[in-house]
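Just the one chain here, the form predicted alone, laid out as structure tokens.
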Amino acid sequence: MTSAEDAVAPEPAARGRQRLRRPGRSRAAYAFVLPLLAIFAAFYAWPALNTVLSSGFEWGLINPWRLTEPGSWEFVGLGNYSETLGSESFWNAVVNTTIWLVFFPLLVTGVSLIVSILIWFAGRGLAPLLFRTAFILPMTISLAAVGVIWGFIYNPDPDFGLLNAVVGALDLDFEIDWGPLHLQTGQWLSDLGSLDLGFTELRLTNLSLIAPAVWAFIGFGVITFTAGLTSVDQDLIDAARVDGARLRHVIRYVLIPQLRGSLVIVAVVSVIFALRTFDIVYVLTDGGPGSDTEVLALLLFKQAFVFLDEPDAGLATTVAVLLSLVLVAGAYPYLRRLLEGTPR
């Protein structure tokens, strides 16, 4: 028979859980959490619920839909979704947004990673600080202002447009017409070219919009990767060099594996930014020429606000719901890493 002295004492973790389960502590925890839940319910859950429910009705912004008065508007059920998914303008916006989803995260992640590693290898001093500042400063400018600045750069008149002046001075004008690819310089915001994929045509003017967005957003990647590089153990670098590893091997097999968490953060945030991009497209092209650069967020804006007396706000909320679902799916890897509590 086991004596009282032989009884195994509870482990420290178990004792900690027992303390957390005390009624007083539980009430205190709820007291701290409830204000945050109230803010979440008032400013996120309630508007989100209104948006989802209003997508089942036909209404306009002059006579907005309200959850408290659902019978005042025509109920169409999933009609808005079927109309949106069958709309040519919606799928055109999907194609343009897909171009952003492919190129913007790749450029932001790749360029900022290269810049961060170069600055990190440069060590400390005035030069690395100046380079880091040069890449971070564009983050302080609003994207609307970035659009205005790059509008001057892209101006087709060589007397005003910086890019065309440089291209003309260096005699870099060219035109490529090779199979499905057509590319030309000069008309950066109107006719940069296209790529025919058979089932759809990609308008390369979108790349002219992605470039300034990358310039403005790359500072976020530099900050994130620089923070990740500060936690890299220098002993690993020294050991790799002693074993004869070259610089590219150190970067590939030592630094990049140590930056997996930072890579996930930069990639996911870049995807979210690409999905919801609006202001820089609106300022530079307003979705033009025609609808060549119209993205989903801009399509949503036009449906909701351009014709206030038209009952198209239900279609706009439908686009918002579909876009939100894609945003949640895109953010899932980052959210899962946060919930698992495995920052690296």
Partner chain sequence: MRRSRAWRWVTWLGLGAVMTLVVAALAACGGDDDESEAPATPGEASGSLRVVSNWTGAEGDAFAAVLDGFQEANPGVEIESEEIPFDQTQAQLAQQFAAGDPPDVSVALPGIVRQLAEQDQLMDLDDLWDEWIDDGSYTQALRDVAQAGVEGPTSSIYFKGNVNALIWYRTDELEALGGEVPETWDEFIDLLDRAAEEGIRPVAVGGADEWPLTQWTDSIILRVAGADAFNQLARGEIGWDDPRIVDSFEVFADLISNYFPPDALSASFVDETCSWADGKAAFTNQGAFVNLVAPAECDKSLQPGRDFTFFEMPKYDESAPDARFVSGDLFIGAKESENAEAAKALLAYLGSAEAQEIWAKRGGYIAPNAKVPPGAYPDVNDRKAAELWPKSDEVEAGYDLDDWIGGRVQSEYRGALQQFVREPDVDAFIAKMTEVDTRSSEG
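Nothing here was measured: the structure is a model prediction, and the numbers come from that model. Think of the rigid core as the biggest set of C-alphas that the two forms share within 1.5 Å after superposition. Numbering follows the first chain given and starts at 1.
Quick note: we don't show the form predicted in complex with its partner chain, though the next part is all about it.
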Consider the chain as shown here, without its partner, and state which of 155, 200, 185, 98 has a heavy atom within 4.5 Å of its partner chain in the model of the complex. 155
The single option of 173, 235, 243, 159 touching its partner chain in the model of the complex, heavy atom within 4.5 Å: 159
Heavy atom of residue 282 within 4.5 Å of its partner chain in the model of the complex: yes
Is residue 310 close to its partner chain in the model of the complex, meaning a heavy atom pair under 4.5 Å apart or at it? yes
Name the stretch: of 72-80, 186-194, 173-181, 90-98, exactly one has residues whose heavy atoms fall within 4.5 Å of its partner chain in the model of the complex. 186-194
What residues in 256-293 sit within 4.5 Å of its partner chain in the model of the complex, counting heavy atoms only? 282, 288, 289, 290, 292
Could you tell me whether the Cα atom of residue 31 shifts by at least 2 Å between the shown form and the other one after core superposition? yes
